[in-house]
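In the block that follows, a single chain appears as structure tokens, in the form predicted alone.
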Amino acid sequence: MITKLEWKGMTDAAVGYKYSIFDVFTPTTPAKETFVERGNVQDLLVDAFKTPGKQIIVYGHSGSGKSTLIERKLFELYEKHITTACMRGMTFESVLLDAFDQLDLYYESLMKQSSVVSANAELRSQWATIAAAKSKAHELQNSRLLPPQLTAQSLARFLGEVKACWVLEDFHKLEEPEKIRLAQAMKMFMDMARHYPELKAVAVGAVATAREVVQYDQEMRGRVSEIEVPLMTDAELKEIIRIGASKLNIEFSKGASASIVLFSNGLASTCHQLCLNACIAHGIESERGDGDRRLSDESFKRSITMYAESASDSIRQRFEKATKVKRRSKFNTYEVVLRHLSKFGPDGTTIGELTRSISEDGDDCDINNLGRYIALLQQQERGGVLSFNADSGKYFVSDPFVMSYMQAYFESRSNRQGDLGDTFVLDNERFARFITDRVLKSILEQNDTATSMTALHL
């Protein structure tokens, strides 16, 4: 458990502190040095935190900045919080036990303070009972059996006593029976808010998380704040790059900066990774150092190649997960949908335009049920390769690198002789070459745009 004071010590740069590129660009951990304000969504989150009894569900695409936003606001509003990272296979009991284990670290410290002990001897006695029950639970090593003292109600009380917040990361990874029980636990938190106004449980998960929680317990409707963290705007991604460059005393070329935004496709984590790769490719390690501090188009090109090479296997797995069929069939509707969708570029298309494109080409597929296949391709079970833009009404490939893989795959396969239904695997070298060509095209387009804009201002 990290206190607000410890957070401040971690984030405030002391005089003479030397930033490392790994402090500034953090693709796998919440951003501290390059935090970007998120406007209305963070206002909604703050309002929910401040409303007594209101429990919170935060959802959005992986890499959109959910954890960064939540951590930032927690440390501004709460003295302490605990986080349980939900994983596939975890039971409701194991989630509860994890929360009690984390509380243990705080209560052990608290009970050593004589003023607290004398003021609340009953609390000390009750926590001693909880500690003994925890030890027994670990000895049993049974994920489905907990001592009767370890209940959601007890957890809520002890969290409330220390004014702590409980964050449930990746709620969507739990099996449905466990989600139902956790939804009921959140309702318990609501009911106990009359005694502990600051008591909060925050469920963080994928796009469908909010709908699932409310469906599991209809009494929660209206008593839960459902907050979607959208993909980052181009302006927000540019702000990450600007803040990071300022702290590291570097400069990105206009072509590189614009291309990073383009390839990030609204994902903060991808933006951080590409910036980090560019720094590594240019030989920059910190805010100090001799030599050229301007990251060129070539540095960005190398950063993309690094990303593609390191992620090629996971990208291929997402594609194969999306297009896998359970039994042999004369056509694969998932493949047909993705092949046509990849032709429309990063902005995607509407279901009407997609249907028209497939019909014109005469491809065999289950064309009368395209909506169902598109919905499935947005789910994690199918790799979550598609997303929906409610403003434009268009479906698009959620990751630009998955989009590039699809384009390379279908282009390479179409050049082969024989039946397209034959097994075909796109090798890493061909994928990297395709990515490199697309990067060069992107940089040229961005530089041409920048030149045109300059000419207009002259």
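Since the model is a prediction, treat every value here as computed from it, not as a measurement. When you see a residue number, it is the position in the sequence shown, counting from 1.
Just so you know, the form predicted in complex with a small molecule exists too; it's not on screen, but the next bit is about it.
- Looking at 349 to 357, 370 to 378, 311 to 319, 67 to 75, the stretch with residues near the small molecule in the model of the complex, meaning non-hydrogen atoms within 4.5 angstroms, turns out to be 67 to 75.
- Site annotation in the model of the complex: the residue of 97, 240, 336, 165 reaching within 4.5 Å of the small molecule with a heavy atom is 240.
- Among 398, 55, 34, 404, the residue placing a heavy atom within 4.5 Å of the small molecule in the model of the complex is 34.
- Contact between residue 269 and the small molecule in the model of the complex is found at the 4.5 Å heavy atom cutoff.
- A residue is said to contact a partner when one of its heavy atoms sits within 4.5 Å of a partner heavy atom; residue 29 meets this definition for the small molecule in the model of the complex.
- Using a 4.5 angstroms threshold between heavy atoms, residue 62 counts as touching the small molecule in the model of the complex.
- The closest non-hydrogen atom of residue 232 lies within 4.5 Å of the small molecule in the model of the complex.
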